[in-house]
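As structure tokens, one chain now follows by itself in the form predicted on its own.
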């Protein structure tokens, strides 16, 4: 990410989120990332690590900084129904955008919003067993369209 885009992303985040909720780390390295806090409606707090290596050319990889569990207490495994790429090294990689839908015009704030929605769906899945895929499809049918 070039410096102009970084400044633009910082400006957008500064208008949308409190400054203590996010921080850019290791910029200018292959490990550049954004750490951002996400608090769900149930008051649970998650930290997301948004990798910036190829951003905005490609969709950033997003991890939770702690492993997420399935309804049986096991680490989440790769699952289309749960829109995730599994858990490894103590973090879970979540799916926020199909590669075919990615455009460099998408902001980091939008990535955050999609991940926040994913976390809400994840918590509903934990309570009800309903898949994240089903929940997102229902939101799309109602016009929420979070996957675009």
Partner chain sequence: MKCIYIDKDEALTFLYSEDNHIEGQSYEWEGEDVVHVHTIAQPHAFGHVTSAYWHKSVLPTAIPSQEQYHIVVFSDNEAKAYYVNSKFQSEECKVKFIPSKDEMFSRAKGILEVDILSDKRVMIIGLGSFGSQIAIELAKAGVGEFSLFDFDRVELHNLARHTCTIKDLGRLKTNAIKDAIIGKNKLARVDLFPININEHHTLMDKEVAKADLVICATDNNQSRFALTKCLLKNNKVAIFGRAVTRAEGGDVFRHRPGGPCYNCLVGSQAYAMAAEEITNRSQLPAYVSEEEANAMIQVGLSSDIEPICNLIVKLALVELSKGQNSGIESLENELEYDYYIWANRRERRHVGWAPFNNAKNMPTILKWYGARIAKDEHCPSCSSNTVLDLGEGLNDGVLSENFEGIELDTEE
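These figures come from a predicted structure and were not determined experimentally. Numbering follows the first chain given and starts at 1.
Below, we refer to the form predicted in complex with its partner chain, which is not included among the displayed structures.
- Using a 4.5 Å cutoff between non-hydrogen atoms, residue 21 counts as a contact of its partner chain in the predicted complex.
- Contact check for residue 87: no non-hydrogen atom falls within 4.5 Å of its partner chain in the predicted complex.
- With a 4.5 Å cutoff on heavy atoms, residue 35 counts as touching its partner chain in the predicted complex.
- Taking the partner from the other structure, its partner chain in the predicted complex has a heavy atom within 4.5 Å of a heavy atom of residue 113.
- Using a 4.5 Å cut-off on any heavy atom, the residues of 34-48 that reach its partner chain in the predicted complex are, in sequence order, 35, 36, 37, 38, 39, 40, 41, 45, 47.
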